[in-house]
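Listed next as structure tokens is one chain, alone, in the form predicted alone.
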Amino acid sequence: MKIVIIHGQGHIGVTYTLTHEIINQLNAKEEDLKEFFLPKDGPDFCVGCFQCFLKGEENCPGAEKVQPIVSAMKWADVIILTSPNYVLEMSGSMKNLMDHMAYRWVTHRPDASMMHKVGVTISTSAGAPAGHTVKSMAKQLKWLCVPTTICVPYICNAMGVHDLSEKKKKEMKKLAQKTATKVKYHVNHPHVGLRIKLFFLLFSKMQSSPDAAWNPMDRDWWVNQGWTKKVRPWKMQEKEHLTE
């Protein structure tokens, strides 16, 4: 099982600790793990120049840092996004990275390999609910065509790892075990749900229409994949899984 972790923060706090407890429960090998810390490993702020949409992602001013992360996401079986709960949202660094991923949304040039992956979103907070933060990150993965995302919010009642009570440490370990069990199940039982299929079919029709000529890059991507005809990426992914 290959795993990429994208941390929306650079410090080793409770969110990081919970994430690595899950990794331990998955018995992940070092060679099967890639890890990025934002903002250090991420790009500068997206400037909305449209170069990724109109000329290709390699023309993005931040491509040198964006594309290694994109490649790692494509390599992985499991994509983990983490962020502390900052004012009931993901960190600015994580949002900035997601801004750079917009060209890979199902509305533009989706990557078929995403339909065979499992997403995990993790956020911890000292007291405020973290549910919206994990759902917000999960929404980003959905639009990237990741079919299954496991949301893991956790209120730790602490300002840092050093403040965690023994009770909370035990709760975190149980939560990590439960999450790891879910991850293993979904990796072994891949399934593309109706929502993503409907999204895909909707935008397939849009890319087949004359109005799609506004962006030849997107239109040509869909045409070259055969997606404006009868080719369906989830069927290809299902076939690959059965032959592994």
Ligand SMILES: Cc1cc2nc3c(=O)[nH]c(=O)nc-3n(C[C@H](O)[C@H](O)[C@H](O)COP(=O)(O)O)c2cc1C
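Predicted, not measured: the structure shown is a model, and the values here were computed from it. Residue positions are given as counts along the sequence shown, with the first one as 1.
As for the form predicted in complex with this ligand, it is not shown, yet the points below apply to it.
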>> Just to be sure I understand the contacts: of 149, 93, 140, 125, which is the one whose heavy atoms reach within 4.5 angstroms of this ligand in the predicted bound form?
In response: 125
> Where does this ligand sit in the predicted bound form: which of 67-75, 101-109, 80-88, 141-149, heavy atoms within 4.5 Å?
Replying inline: 80-88
> Does this ligand come within 4.5 Å of any heavy atom of residue 134 in the predicted bound form?
Replying inline: no
> Looking at the partner-bound form in the predicted bound form, is residue 235 within 4.5 Å of this ligand by any heavy atom?
Replying inline: no
> Is there a non-hydrogen atom of residue 114 within 4.5 angstroms of a non-hydrogen atom of this ligand in the predicted bound form?
Replying inline: no
> How about residue 11: is it within 4.5 Å of this ligand in the predicted bound form, going by heavy atoms?
Replying inline: yes
> What are the residues of 92-118, in order along the chain, with a heavy atom within 4.5 Å of this ligand in the predicted bound form?
Replying inline: none
